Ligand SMILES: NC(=O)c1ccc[n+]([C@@H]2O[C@H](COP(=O)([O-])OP(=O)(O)OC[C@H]3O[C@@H](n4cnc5c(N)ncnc54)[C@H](OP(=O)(O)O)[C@@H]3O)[C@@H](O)[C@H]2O)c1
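Below you'll find only one chain, the form predicted alone, shown as structure tokens.
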């Protein structure tokens, strides 16, 4: 399927690994002129080089932390007029005891998972409206709809994010600017592996892969029977970034192997 994005400018914020990189690869494969951001310069530059060579397209790395004003300004300077914007962030650490959550932890969660994405969208939407085309996709988390105590530092701020985008999307759709969110469940990504020690600590487990995996699968039933990899999300993300998604407005699409038991 031709997604009709060849030559369009696309940003993948958080595009050096995991679901962000998998999405970036699909956009690069379709011929988009791509900008990817991340905080880890070495990994980011390597990812950009690999994608550029593999898909024969322009992939520009931008070292930036989108939760900070400085990081956002670096992105804005590098790509002032994107047609496509997709945003993901490394999930906050799992939490096992809500009584240990401090105001500073909340502030960090909100700065990273709510204010950062909102400020990037707020900056780029006026230009998209003026040009008559824009696609924005937030890769958030299904815990925004499915409360989980151990995802306490991730879910509430993302719930606010999807509330914000549901409202804004209906204001800007008439100008050809479409905003949607993907809400992934548990994926076996590099970022998830890095949270292994935090998950083990939250539940008093020995931080060994097999022990944590067994505990997770026993307490988080996934009807599909497995944890997905990043490639299971990327095709949907790429579709939502394309002109083909023009009538999909303000939606929150859960991709979780059936774990979230809800009709809507």
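Positions refer to the first chain, counted from 1. Computed from a prediction, not measured in an experiment: that's the story for all the values here.
This protein has a second form, the form predicted together with the named molecule, left out of what is shown; the following refers to that one.
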Exactly one residue in 157, 172, 186, 115 has a non-hydrogen atom within 4.5 Å of the named molecule in the model of the complex; which is it? 186
If you check 162, 89, 121, 152 against the named molecule in the model of the complex, which one has a heavy atom within 4.5 Å? 89
Among 24-32, 234-242, 218-226, 59-67, the region lying within 4.5 Å of the named molecule in the model of the complex by heavy atom distance: 59-67
So, residue 40 and the named molecule: in the model of the complex, are they within 4.5 Å at any heavy atom pair? yes
Heavy atom to heavy atom, is residue 140 within 4.5 Å of the named molecule in the model of the complex? yes
Do residue 10 and the named molecule share at least one heavy atom pair within 4.5 Å in the model of the complex? no
For residue 254, is any heavy atom within 4.5 Å of the named molecule in the model of the complex, or not? no
